[in-house]
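A lone chain, given as structure tokens: the form predicted alone.
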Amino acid sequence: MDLKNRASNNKGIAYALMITSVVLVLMMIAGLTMLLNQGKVINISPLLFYKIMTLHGTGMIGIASLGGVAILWYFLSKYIYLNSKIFFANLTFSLIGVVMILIAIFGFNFSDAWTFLYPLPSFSAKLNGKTGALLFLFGLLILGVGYLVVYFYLAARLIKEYGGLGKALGWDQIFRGKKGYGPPSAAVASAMVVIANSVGILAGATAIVESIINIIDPNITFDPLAAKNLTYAFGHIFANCTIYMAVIAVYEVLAEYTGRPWKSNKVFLIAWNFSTLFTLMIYTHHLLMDYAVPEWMLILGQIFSYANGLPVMVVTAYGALMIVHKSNIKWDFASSMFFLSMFGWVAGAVPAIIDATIVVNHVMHNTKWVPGHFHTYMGMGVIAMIFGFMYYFNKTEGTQKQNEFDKYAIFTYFVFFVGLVGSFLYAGKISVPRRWAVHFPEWTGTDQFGALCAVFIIIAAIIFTVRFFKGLSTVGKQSTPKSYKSAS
């Protein structure tokens, strides 16, 4: 066992989780600010609103991905050797990219949202100068480079360990009749993320480079519809992969707590293979309102958006129920958050599937219905998994113990998150538009109720974060370190 590398990995993971927890709270406060403005509780300028909206969307997805990579890295390193220098490289790229994006937004008034749809950045460049738009786009590009470094490295390690990414996804068991179980669930999920997110990031990088070229030389133009396809392919895949990385913790921790290994049987492997394929295809449900998109793409977007909810989500949610059933599991902060996150994932998929229906999408997609579904699976799914892992990390690598505040904080977080997403979904039902800085009086009730819920969510998140930072002081001080499989 390379104890030095393991200690360095844990150090990097601790740094990533520290950054993740603090930024999550700040992004929640940014979201609350927008709700308070829409609900006419406070009054900020439309420009500031859209700057905050750009920060909130970009920052929340980016920080969820950083937390997801930390989870993936921690558990995959139990099975194969992972060099901590690669993790620190990604962390460095991420910090540089974030600083550039913050300067672009608050220093140069860039406010085109995370989607940065071509040719909007060039319009911003004409309005506020090229510096802000270029800083934002290059910041995203640097973030993408950091993640590609991680994914390409992981691809090389998985290929060396299992003989190929296909074998890491269990193709020997699925197609070649190999008996027994496939690779560990952490390896299967990692292989899926490596394939899907590498494609997504490269698609996004293409759209970003197009915008950069157009800003530098406006005479060079590109097809806006093709750029939109590339952008949403990137955005949808990247956002989806946050939960596919974080769910590794559910497999590992629930199996550990119940003493029942989460085995990669053929059904499990088939589900993850289908999800790999579907995740690459279903971004087209974001384009259902675009009449210029070929009809066959829209039909595929609807069909596979329906299908995508079934493979991994159903297998994982059902598996979580079965592995816990009659197991005498000891519920603590980590196991509670991981188990409840399954509810958030499943619940978030329901309004997403509804929105992926073409006739519904034409009416609902540009309303708050979409933030409703997204906040459900992100806030009660991905973010819950990250908070749960923060406690698990301190407990496993240190000596942190649960207290009464943890129980109340978990209850507060989930109850008021249900209220928040409920306010979004109801607002979508009554056709409240998303991404509007100013709301009509008849819409402000949903905004005010959502803001009230957000206050309690933030209080719970602050408790999680404070507890995490206090628990970090015990990391490395446990008497019996947890052993990991060593791989060269």
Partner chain sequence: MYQTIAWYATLFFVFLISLAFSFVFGESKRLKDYAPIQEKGYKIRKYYFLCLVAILGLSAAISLTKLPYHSQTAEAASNLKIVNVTGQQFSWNLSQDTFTVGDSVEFRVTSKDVTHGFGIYDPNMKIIGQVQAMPEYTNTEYVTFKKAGTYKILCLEYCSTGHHLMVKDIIVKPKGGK
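Values in this document were obtained by computation on a predicted structure and should not be read as measured data. Numbering follows the first chain given and starts at 1.
What follows is about the form predicted together with its partner chain, which we do not show.
- The three marked residues, Phe123, Met289 and Val350, each reach its partner chain in the predicted bound form, with a heavy atom inside 4.5 Å.
- Of the heavy atoms in Trp436, some are within 4.5 Å of its partner chain in the predicted bound form.
- Not displayed here, its partner chain is approached by His362 to within 4.5 Å at the level of heavy atoms in the predicted bound form.
- Although the partner is absent from this view, Lys429 contacts its partner chain in the predicted bound form, with a non-hydrogen atom inside 4.5 angstroms.
- Phe138 falls outside the set of residues with a heavy atom inside 4.5 Å of its partner chain in the predicted bound form.
- In plain terms, the part of the chain that comes close to its partner chain in the predicted bound form, with a heavy atom within 4.5 Å, is 325 to 333 out of 325 to 333, 409 to 417, 382 to 390, 70 to 78.
- None of Ala205, Ala113, Leu102, Val199 but one reaches within 4.5 angstroms of its partner chain in the predicted bound form through a heavy atom, and that residue is Ala113.
- Proximity to its partner chain in the predicted bound form, defined as a heavy atom within 4.5 Å, singles out one entry of Trp171, Phe343, Phe106, Tyr153, which is Phe343.
- Heavy atoms closer than or equal to 4.5 Å to its partner chain in the predicted bound form belong, across 3 to 41, to no residue whatsoever.
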